[in-house]
Structures are given as structure tokens and as C-alpha cells.
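One chain is shown next in C-alpha cells, namely the form predicted alone.
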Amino acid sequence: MGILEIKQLYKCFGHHKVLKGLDMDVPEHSIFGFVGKNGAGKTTTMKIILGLLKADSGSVTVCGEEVRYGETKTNRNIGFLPDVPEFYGYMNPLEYLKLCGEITGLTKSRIKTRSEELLELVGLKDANKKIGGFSRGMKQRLGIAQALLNEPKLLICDEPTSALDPIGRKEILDILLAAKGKTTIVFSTHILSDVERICDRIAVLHDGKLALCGTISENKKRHRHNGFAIEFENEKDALLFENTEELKHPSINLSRDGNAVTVLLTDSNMDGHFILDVLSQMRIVPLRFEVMEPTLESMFMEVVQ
């Protein structure tokens, strides 16, 4: 059983169907990339998980306990970082975390210990100025500290890196990686490079359902085509290879850029051995012969178009 399970979730807003039987299972201690185009329904799904929005039908369970709209008992196991976290600007980080800890019922000693641990984790240990003077990246880091304060079993992050510069994005991603050992993370985003960098698993939400789900490596194998990148010592060899008769076949697509040739085989009976045989017959040894892995971007475009 996953730490978060969603079964046959439906949600409409008027005549607009947002979720159409969504099924999703998030394993414990994973970083789960929840991806989709803007408006796909990611935030709607997260609000239902948090009990802030009522589903039309279906079920959501967190740590084996069913989520009920308006009843937030399951939220004791959840930390949440919204895309734009709000704070009391007149407080400093320690004061804010102390307030949050008191609201959640932590003891004074536990609040002190956790606050110090988390501010060190997010790089704000020495940031004693008021939160109102924080940059967007500093606020996101404080938001992660607040979301982790009560040691949640599930951390949900809604677009945490979308408005940050590359340095700020790297800082947030590094923090999430560091937190992985102690919690499970659902990382909602549309920045595919961030997902590829830190996530174990991915779910692509499209047309109200998951169009792609599983580990990134599994999906790359599943969506791999017989594509090969070949680099030659010089452009002359590349031209000879490009124009050889054995490769003039409707199931073979070639493109050349200088001394590099890309080959795509659309016939399932052809594979890399065929290309290597052609090279052997021509007595040409390439500098590089590489099986082309599909990128997360190419897989995303394949399933949402």
C-alpha cells in the first residue's frame, strides 16, 4: 500500500470536467513528480488530498486513512508548501516556526530543537532579519521548514521552483533531496528538468487521468525508439554512411549535422546490429555509437499531444 492512494477520482467545475477517474499510488520515501500542463488539474488534486475541496466521487487515502472533505484528521500526516507561501512579515524565522509549533501542539523543547534543525537544513540558520525582507527563494525555503516542522509522513509541494532563478531552484531541489530520507514528497511542477533531476517516479496528468506513470527509467525503456547517434572522424565518412544504398529504406530515417548522423529505425525487426553491420561492411569505425534515450520532455510531449 502506498502512503498516498487515489482511486477513481472525479471532479467537475460546472460543465468542465477536470478529473476523470484519476488513479495514483505514491510509494513511501519516494520523490514523486506530479506533472501536467497548466490547468491540467494538479492543484485541484492537491486540494482534494488536503480535504480543502470536495471530490464528486472516488477516494483518497493517506497512510491508510481516508481523506474526508472538511475533516482534516489526515492532515496531521501531511506537510504542505503552496506555490506562494504567506508569512507574518514582522516575524523572524525562529518566531514564525515557534508560532507554527505552538499551533500544532509541539512542546517548547521540541519546537526549539526542530526549528534549529530545519533552519539549518534550509540554509536560514543565521537569517535573523524579518521575513518581510526575505527574497522569494528565502521564503520558499522557510516554507519547506514550516511544512516539515511536525515531521509529516507526506510532504506536498505545489510548484515550489516555478518563480525562482536557477540558483534558487537548485537550492530548493537540494533541500527536497535532503528531506527524502525522512518523508515522502509529492512534487507538483511543470519544469521537467527539475523532475528529471530529483524524482524517483513520475505521473503525467492529462485529460483528467494519468497519461504516464512509473519510474523514470521504466518509462524511458517503454518509450524508447530504435534511435542511434553516430559520430564520425570526419564529414567525408559521415557523407559516405548517409548515402550508402543499404540505408535507403522507407523504415530508416537519417539526418546529418557535419560529421554526426542520427538514425531512426521505424521497423521493429531492425536494431543496432543492422547499423553496425553496415558500418562493418563499409570498414568505417565511428568515434561514437550511442543508443538514444528518450528525454522526459519527449515522453511528455508524446503523451499529451
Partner chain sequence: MRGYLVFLKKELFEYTKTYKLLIMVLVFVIFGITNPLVAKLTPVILKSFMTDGIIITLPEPTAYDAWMQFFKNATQMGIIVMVILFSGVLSSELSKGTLINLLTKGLSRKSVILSKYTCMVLVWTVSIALCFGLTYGYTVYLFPKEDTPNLLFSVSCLWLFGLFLLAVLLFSAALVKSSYGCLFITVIVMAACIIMNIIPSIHRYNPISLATDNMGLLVGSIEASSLYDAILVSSLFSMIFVSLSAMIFQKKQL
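Residue numbers count along the first chain shown, from 1. What you see is a predicted model; the values in this text were computed from it and never measured. Heads up, when I say rigid core I mean the largest set of C-alphas that superpose within 1.5 Å between the two forms.
Omitted here: the form predicted in complex with the partner chain. The next part is about that form.
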{"property": "Joint contact, Leu50, Gly70 and Glu95 to the partner chain in the model of the complex, by non-hydrogen atom at 4.5 Å", "result": "yes"}
{"property": "Among 204 to 212, 176 to 184, 143 to 151, 118 to 126, the region lying within 4.5 Å of the partner chain in the model of the complex by heavy atom distance", "result": "143 to 151"}
{"property": "Any non-hydrogen atom of Asn75 within 4.5 angstroms of the partner chain in the model of the complex", "result": "yes"}
{"property": "The partner chain contact at Ile103 in the model of the complex, heavy atom, 4.5 Å", "result": "yes"}
{"property": "Contact test in the model of the complex: Phe87 vs the partner chain, heavy atoms, 4.5 Å", "result": "yes"}
{"property": "Close approach of Lys54 to the partner chain in the model of the complex, 4.5 Å, heavy atom", "result": "yes"}
{"property": "Yes/no, Met91 Cα shift of 2 Å or more between this form and the one not shown with rigid core fixed", "result": "yes"}
